[in-house]
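Single chain ahead, written as structure tokens, the form predicted alone.
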């Protein structure tokens, strides 16, 4: 499906017109109501643009503060690992976006700067370029990696080594970490593909885009098959099945990546054998009830440490749930993609409002502003209280709804927010021949406590062009048009 038709089908429309502000400009307060958005990612930019889309008389001043000059879009970027031609050539998808291009089409200000402090009592934000006052602030700071939680014994030197040699490729860093992995893959290919590409999914806590590690495994597998490399993808997961879309991914591993992906030491054939041994067939193991039993016969793999000099991981393997003690096994790697736990971005700490243990801002019931200060809003990964999975679709759709709510509050003095209008759709590319993706869709309901949470989950396979159309709507719409 082409981009414009797909955009029309999901009804994402945003306003246009332009105002660019120099990064060195200090902006004195005007008679307009000022909304500052901290972070120019998907959640922040959709919120900002939606405010202006609902401000026909231009009574609201919107400023985005962003530290990166360009935005690198994580959604669908795993297809770069598989060199999916439909993405790169047929559709000409890009992943880097220049804010100078973005702000030409929207009546917002974008200041490239570092946020140093926030005073919610005085309603000021201190940046590396000066101090700005606000009437409302939207915190859209995203996530950071939490190596200390994942590897408590590591010192800062070892953490920095991990970032450079075995990066996660999951944070908003203008694509630096992903580019490291992609360059390593090209070197790997030149050397004949000896050795394995090891992927360690995050273990524990709230995680951005749970399916990402398994989608990446499928894409690296496509790279291996394309160039007939000797190595394999080794997924080392502390869970006995993928943490998202579990049965579907297992099916894909066996169907399209049987000889190129090992999951916790199990080949595709090993997984088939265990399914049959559990009393199920390759057709009926995928139901929720059956798969919960099948999982019990699958292995788990907990990475305990990494030796960067030997390029070796120390892993505790539990062959199945009856094996309480497990055993230690060492895995050598050519490339390792280690994804630690996530936590709220450090900039979130500057806002002295109530937060949960993960660092997310605890929002009020039925609202996306802080329970302790209703002029401080949260959007995206750092939304607390509500059970919304950190993902691009949630950030996008909630940002559009939030922007409308903020505009109504300012212009009409109406404090309303209907989070059930948002949708949660997630695609994971799993095969290039045929071009295939796993789609998961959820609705949102509000509990008696005023907590937004997903329900009515449906999971299915779809043509990979569905993912391409989704990406163009969710990412290219706010950043290019």
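Numbering follows the first chain given and starts at 1. This is a predicted model, so every value here is computed, not measured.
One more form of this protein should be noted, the form predicted together with a small molecule, which is absent from this view; the next part is about it.
Residues with any non-hydrogen atom within 4.5 angstroms of the small molecule in the predicted bound form fall in just one of 224-232, 281-289, 73-81, 154-162: 73-81. Interface residue remark: residue 442 is not counted as part of the site for the small molecule in the predicted bound form, having no heavy atom within 4.5 Å. Contact between residue 65 and the small molecule in the predicted bound form is found at the 4.5 Å heavy atom cutoff. Mapping the unseen interface onto this chain, residue 42 counts among the residues with a heavy atom inside 4.5 Å of the small molecule in the predicted bound form. Contact check for residue 302: no non-hydrogen atom falls within 4.5 Å of the small molecule in the predicted bound form. Using a 4.5 Å heavy atom cutoff, 141, 209 and 392 all lie near the small molecule in the predicted bound form. For the options 401, 120, 115, 362, the one in contact with the small molecule in the predicted bound form, meaning a heavy atom within 4.5 Å, is 115. Listed residues 406, 198, 379, 218 were compared with the small molecule in the predicted bound form; 379 is the one with a heavy atom within 4.5 Å.
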